[in-house]
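Starting off, we have a lone chain in the form predicted alone, written out as structure tokens.
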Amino acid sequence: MRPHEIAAGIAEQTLALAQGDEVEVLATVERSALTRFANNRIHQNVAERSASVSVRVVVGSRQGCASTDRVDAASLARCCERAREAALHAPDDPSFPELPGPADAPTVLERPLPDLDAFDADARAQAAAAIIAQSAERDLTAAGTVSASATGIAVANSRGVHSAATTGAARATVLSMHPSGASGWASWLGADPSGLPAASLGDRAALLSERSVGAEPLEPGEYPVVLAPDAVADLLDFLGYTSFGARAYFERSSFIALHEGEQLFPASLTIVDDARTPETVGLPFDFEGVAKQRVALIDRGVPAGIVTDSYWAAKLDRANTGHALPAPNPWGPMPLNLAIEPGDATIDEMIGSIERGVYVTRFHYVNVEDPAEVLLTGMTRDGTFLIEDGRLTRPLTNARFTQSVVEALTGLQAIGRDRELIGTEEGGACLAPALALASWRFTGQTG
């Protein structure tokens, strides 16, 4: 039986046990495996099977939620009763519309899944060994992970929604360290582990590490930058977190609400959320069981859209785009499959167009200072270089930045023609190209 079929059975069993004016059940069945390595050797193998159930009960306009990771009948019944008790003691919410109905159910989306039996501990060890070899042969040390997961998710509610699908991905990361402390980074995400380019991934990280030896401080100031896809994915992740959801739009803490319809960015910039493209990984429906829609968030430079769930769609009198997170949550709907439409430049062409600037492999420890302008502060890491006369010259020590992403994107100079699928902190995936920006504000050193 496939994971989503098991999850669907649990969801239907739970739905039959719950009592309320309306009931929603989210069931998850996951199988995952991870190999972790450090100091050029594998030190941990983990394989796990798990299941969880979350129940939302609606009484009038009051909602209560409860969850459990025990799926026997008695535990499911207790979970349902706790959700009902929570609803009875919750405050009324007159804005609550109703749970989604079956008209919002998704069409089936067939997506390749990682074969976890084939990508077993031996296969993951071979991939890790190929990654490690690239560092070990150069007297560097590699650390990272090789992992894969398959997750069956089912949503059922008392209004007739019955959505179920299995999603999964394989992922690898590597940090290559030089004895001097210089470092390089590379990552990979995909649906098919057989496509993992282990040796070239290890080579990318090792080359960046070697090239970063002898790094010098960067004088604070504003510089043109070329951001590699990993760095761009960080910016996309924070745009999704701060700006593209309906709650932030309603509360006017999103630049979309402040600049909707304006030609804010160059016309070359289009950002979409599209969980159904074959280039990404993810579910065809959200955590309310509603089909995910492709949403143009920035359309040819114009802030154009937001993502919604059933609650915020009703509150804003907009269509439900199918972007609910599991209930309850404090964020509202959120995009999990962001993508920047590709351009026509190569990274070498972007670097070649800059007289003096900075190349950034990725960012680290990024935090939000002002969500309305997506003002972020954080650090560069694992491969930062000075660009002089159109080529990479000196490696740079990690630098702190304080920069509005909205402001930076107004100075968009070029978009890479190749995109990489990058895993994000929020659990989604971004299709990110490299970007060349006219200005990025570096505010200090971090060593």
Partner chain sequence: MRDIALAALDAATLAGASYADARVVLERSETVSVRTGRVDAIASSESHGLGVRVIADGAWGFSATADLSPDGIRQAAREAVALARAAARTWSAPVRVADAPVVTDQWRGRCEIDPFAVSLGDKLALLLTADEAMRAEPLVTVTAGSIDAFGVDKVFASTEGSVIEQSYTEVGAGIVAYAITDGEVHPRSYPNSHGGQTVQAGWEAVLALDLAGNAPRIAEQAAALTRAMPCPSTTTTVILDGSQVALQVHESIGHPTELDRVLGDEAAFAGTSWVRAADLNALTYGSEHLNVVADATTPGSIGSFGYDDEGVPAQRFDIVRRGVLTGFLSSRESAAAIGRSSTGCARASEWNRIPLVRMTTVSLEPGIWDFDDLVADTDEGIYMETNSSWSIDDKRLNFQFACEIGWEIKGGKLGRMIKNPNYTGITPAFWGSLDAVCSPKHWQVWGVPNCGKGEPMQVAHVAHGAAPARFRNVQVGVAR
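Numbering follows the first chain given and starts at 1. A quick note: this is a predicted structure, and the numbers were derived from the prediction, not measured.
Keep in mind the form predicted together with its partner chain is missing from the figure; the text below concerns it.
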Exercise. Pick from L325, A372, A304, L113: which has a non-hydrogen atom within 4.5 Å of its partner chain in the predicted bound form?
Worked result: A372
Seminar exercise, completed: Contact with its partner chain in the predicted bound form, heavy atom within 4.5 Å, among Y249, F287, Y311, Y359 goes to Y311
Exercise. Since the chain is shown here on its own, which stretch among 205 to 213, 343 to 351, 141 to 149, 192 to 200 would lie within 4.5 Å of its partner chain in the predicted bound form, judged by heavy atoms?
Worked result: 141 to 149
Exercise. Would H43 sit within 4.5 Å of its partner chain in the predicted bound form, counting heavy atoms only?
Worked result: yes
Exercise. Does at least one non-hydrogen atom of N367 fall within 4.5 angstroms of its partner chain in the predicted bound form?
Worked result: yes
Exercise. Given that the partner is absent here, does Q63 sit within 4.5 Å of its partner chain in the predicted bound form, heavy atoms only?
Worked result: yes
For this session: Would you check, heavy atoms only and a 4.5 Å threshold, whether M177 touches its partner chain in the predicted bound form?
Result: yes
Exercise. Going by its partner chain in the predicted bound form, which residues of 376 to 390 come within 4.5 Å of it through any heavy atom?
Worked result: T377, G378, M379, R381
